[in-house]
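The chain that follows stands alone, in the form predicted alone, written as structure tokens.
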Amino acid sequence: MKRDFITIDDLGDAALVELMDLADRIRGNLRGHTADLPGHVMGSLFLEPSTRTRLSFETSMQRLGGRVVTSSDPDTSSTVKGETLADTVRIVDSYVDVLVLRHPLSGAARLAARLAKGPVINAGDGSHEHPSQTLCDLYTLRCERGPIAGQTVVLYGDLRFGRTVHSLSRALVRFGATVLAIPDGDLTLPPFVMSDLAERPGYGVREVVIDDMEAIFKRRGVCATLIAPRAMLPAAGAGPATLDLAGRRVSAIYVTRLQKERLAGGSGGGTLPILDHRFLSSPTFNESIVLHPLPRVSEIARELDADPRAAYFRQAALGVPIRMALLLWCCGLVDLPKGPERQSSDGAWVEGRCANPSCITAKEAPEWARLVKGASGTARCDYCEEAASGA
């Protein structure tokens, strides 16, 4: 059976734990695994800029004894001649044992997985998901703060277009964490993520207003979304509930930059204060580690780099052992517990079209477009998960 990793829900909880356990063993001897994947070739197909993800995957494969063929500049690939992703994937798949794909369009990785005979790893598809980054994030949280269950994690910044938080929020609730999403302006978590989180067993979603942290946020009435076990949610009312954040302890603040390359119809950001020592001086945050998928632009003060709570460079380094573990699974060298993986949608197709102009099916694969009805009864695109039109 082909082992694709397209969404964080492709692996069950037990599998994710075993993958992190394997990364622990690898991390203790990074140079001792060159005999694990000899003769294997990884295709590194990055049709969108990347530094950490591409280099960490390529480093991981080489540390496992495999080799890498790479296309890291879209301007020098055949896409500039008009070649479709579908044709590119078919060709590269015939050269390699595993394909790592980054693409600017949402749903591109799922399309690639359906066309490739070998395993496909999603290294970021548009503003949809980035599941291998979430592996790194979960692993960092576990290394730095211990078991994830019971932790409170703040997601802070561009949550609409920051694909890393789409995967991370889903994983955090699976492991029993509480998530407080504080968006920059109106760049809130997208509907396809929110609806998924609201359907998670035992969890609820509540819009809240933070009124007790004016000294930190430099204003009152900061709007946020609380995703937590139902017993921990404020009582439902006619409007947003007031959240007393000062009485909580936050394990980690996960910061995302403003995704200017994807921004369309958003606030433009600039509503949240920069994360600095003043911010972390609050009792709520004074023990919080700071995470960031990087690149960092101006949302975290550089004065924090020397602070032991700044974990983002350690986070980037941990991307190598966890991706080594992922490659070993994808290439069939290790087995992981099965289920509950993402369920097949066969038989749930409905008529209609994807409404997302940034979906792969809107740009080059309309003949493969299909809609599926979710648990809530809402039709969504089977590739990018956005709500459908005409269903």
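A residue's number is simply how far along the shown sequence it sits, counting from 1. Because the structure is predicted, anything quoted here is derived from the model rather than measured.
There is another form of this protein, the form predicted together with ligand NCD, and it is not shown here; the text below is about that form.
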Classify L294 as contacting or not contacting ligand NCD in the predicted bound form by the rule of any non-hydrogen atom within 4.5 angstroms, answering yes or no. yes
Does R170 reach ligand NCD in the predicted bound form if we count a contact as any heavy atom within 4.5 Å? no
Look up in the predicted bound form whether N122 has a non-hydrogen atom within 4.5 angstroms of ligand NCD, and give yes or no. no
Applying a 4.5 Å heavy atom distance criterion, does Q259 contact ligand NCD in the predicted bound form? yes
Between R27, R353, R52, H40, only one gets a heavy atom within 4.5 angstroms of ligand NCD in the predicted bound form; which residue is that? R52
Among 110-118, 191-199, 85-93, 160-168, mark the stretch whose residues have heavy atoms within 4.5 Å of ligand NCD in the predicted bound form. 160-168
